[in-house]
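Quick setup: one chain, the form predicted on its own, written in structure tokens, and binding and motion questions come after.
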Amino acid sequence: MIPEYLLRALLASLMVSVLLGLLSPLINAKGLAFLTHALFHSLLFGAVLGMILGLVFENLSLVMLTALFVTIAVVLLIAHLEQLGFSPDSAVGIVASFVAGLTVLGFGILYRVMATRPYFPLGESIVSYLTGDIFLIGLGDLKVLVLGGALLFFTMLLLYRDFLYLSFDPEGVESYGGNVRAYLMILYVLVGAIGSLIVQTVGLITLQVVAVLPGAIALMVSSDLRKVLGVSLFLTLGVQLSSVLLAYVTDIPPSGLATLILGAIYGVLLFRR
């Protein structure tokens, strides 16, 4: 009989795989790898801020909500700076530096607040945000992941073709009356929202790897967009499920296994080229 926690982990992996499998080609096609680095740092700041609020109000459900709002605010700020004329790298670098400083300050405040509540169970939340532990996902967290993931999935699916046009021909989008700025902000918000939703299952340390490498590998295998999407989805699903099953047998963190598997596949493809 399959243990209940393993079944929850497999279901969560399925949703994570679908979201990252769709998102990763867009990240690579639009050149958002550096942006994801900044966004995932903003997730850490949002999580720290949420933990502070969770301790003050004794409600740790505020962590994910706060991380989501902070991340969306950061991506909108980056998109706005780009529209003001900053290059994407400059906009990301400016905001990321500011967020990094706020994160350090936030940790200092968090430690002070934790000292006033020494018996409040927060240590596991901090570790799960950094390293991820999909086996600790509860039924309530799984419902949030499934419902939120379904909403993000259908939104991304509805606009996927527009995002691809935006990635390869933004001038063409404008010539047909499309609002490039609006599409760009929606795409950035989707990246941030998906990161906020899955960070506790994947882990902040490995999130960028599992978000970027599937699409990068798929683009190395094929130039046909349909095949790229299929390879990204299949690869993400296979790696996520196999890492969970291997972790169940070996007691090695699944996020670390997923990173090693993706890295090995990418390395082999690079070597063969």
Partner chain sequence: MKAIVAENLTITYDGKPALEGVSFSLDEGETLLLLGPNGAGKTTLLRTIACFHREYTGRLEVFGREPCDARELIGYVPQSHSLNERVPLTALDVVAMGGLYRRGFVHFRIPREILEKAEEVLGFVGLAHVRDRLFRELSGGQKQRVLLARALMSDPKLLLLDEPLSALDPSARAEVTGVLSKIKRERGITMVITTHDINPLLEIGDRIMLLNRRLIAFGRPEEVLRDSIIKSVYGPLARVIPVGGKLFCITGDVHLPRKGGGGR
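This is a predicted model, so every value here is computed, not measured. Positions refer to the first chain, counted from 1.
One more form of this protein, predicted together with its partner chain, exists but is not displayed; see below.
- The listed set L136, I186, A100, L130 contains one residue whose heavy atoms approach its partner chain in the predicted bound form to within 4.5 Å, identified as I186.
- A single residue from the set N179, T116, Q83, S90 has any heavy atom within 4.5 angstroms of its partner chain in the predicted bound form; that residue is N179.
- Proximity of E4, D141 and G149 to its partner chain in the predicted bound form is absent: no residue of the three has a non-hydrogen atom within 4.5 angstroms.
- Proximity to its partner chain in the predicted bound form, taken as heavy atoms within 4.5 Å, picks out 217 to 225 from the listed stretches 243 to 251, 202 to 210, 217 to 225, 44 to 52.
- Within this chain, F168 lines the site of its partner chain in the predicted bound form, having a heavy atom no more than 4.5 Å away.
- Within 4.5 Å of any heavy atom of its partner chain in the predicted bound form lies no heavy atom of L60.
- The shortest heavy atom separation between N28 and its partner chain in the predicted bound form is within 4.5 Å.
- Within this chain, L157 lines the site of its partner chain in the predicted bound form, having a heavy atom no more than 4.5 Å away.
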